[in-house]
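Here's a solo chain for you in structure tokens, the form predicted alone.
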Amino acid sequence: MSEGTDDLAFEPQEEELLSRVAWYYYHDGLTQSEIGERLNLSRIKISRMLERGRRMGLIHVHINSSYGGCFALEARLQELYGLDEARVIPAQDGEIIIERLAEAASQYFMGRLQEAEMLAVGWGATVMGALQRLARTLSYRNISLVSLTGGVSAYIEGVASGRTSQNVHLIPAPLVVSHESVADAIKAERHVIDVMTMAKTANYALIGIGAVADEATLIGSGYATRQQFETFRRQGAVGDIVGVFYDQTGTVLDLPFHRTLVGLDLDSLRQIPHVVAAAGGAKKVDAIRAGAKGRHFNVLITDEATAQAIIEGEPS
């Protein structure tokens, strides 16, 4: 943070961090040392940030910031669904939600990934956007990438350009194949088994959440048809994670489509300690809520309007 003549000016990302520190300190009652451990900052840095917040007028009796409402939503989401963590980004007109969520996801991982750790990645536009923003961090910290499914090679290879092949581990197959027997044969290959086994040992996973809608990335990418989605919808599907569809309670459906997927199932995904879902938008509210109920992820990154809608849809 800058000091001096522009002491009262700060960037939006600076306000977010300062507001988060203030919320933890004044609302949650954490000590400065506990906050420092959580955010990987020194206790002295936390103390200076709190003092600067008071000087700037951001901190009064309450947290005088647009981010405060987001923190309350985060706490409510964690309480409702037993999440380890929730990140809610403030509402903002005129910006594409996928871009904002990708930025939020990249910022989350910049603060979490340690030297030589492994990040498993799913499929979708938000995941791709986050990886693009993370490219330099992944390189500097020697982070290994491993795919959770087939079909991700196109954008992972773009992000990983210039890195050694030892840092990137891909399932060399599409996300969906033509027949169950083809999927079984691919998943029986030694290299595919090795990559899928490796994915289960990752420290973190980044996944998107799909809605059962005509605009779904699965349809746009040619992996499924509108007719298939209509069938899934009639069978109770409200969303999917890595191509696996589930109902409003988060229960995975028994669909022939699943047997043509190449990748980890949702039970295997749970073996990863930190499964981070980044998703938002009105059409994904039901899918995100059901995914949380099914405990298919334990960290959620979403936007303010989506978080409000998820919570309001729960019985009071």
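Not measured: the values here are computed from a predicted model. Numbers follow the displayed sequence, beginning with 1. Note that the rigid core is defined as the largest set of C-alphas that superpose within 1.5 Å between two forms.
The form predicted in complex with the DNA exists for this protein as well; it is not shown, and the discussion that follows is about that form.
Exactly one of the stretches 278-286, 246-254, 259-267, 26-34 approaches the DNA in the predicted bound form with heavy atoms within 4.5 Å, and it is 26-34. Using a 4.5 angstroms limit between non-hydrogen atoms, Ser47 touches the DNA in the predicted bound form. Shown alone here, Gln271 lies farther than 4.5 Å from the DNA in the predicted bound form, counting heavy atoms only. Interface residue remark: Arg54 is counted as part of the site for the DNA in the predicted bound form, having a heavy atom within 4.5 Å. Interface residue remark: Arg38 is not counted as part of the site for the DNA in the predicted bound form, having no heavy atom within 4.5 Å. When two forms of a protein are overlaid on their rigid core, residues whose CA moves 2 Å or more are considered shifted, and Val252 is not one of them between the shown form and the other one. Val21 is among the residues whose C-alpha shifts by 2 Å or more between the shown form and the other one once the rigid core is aligned.
Here's the thing about Glu103 and Ser47: their CA atoms end up at least 3 Å closer in the predicted bound form than they are in this form.
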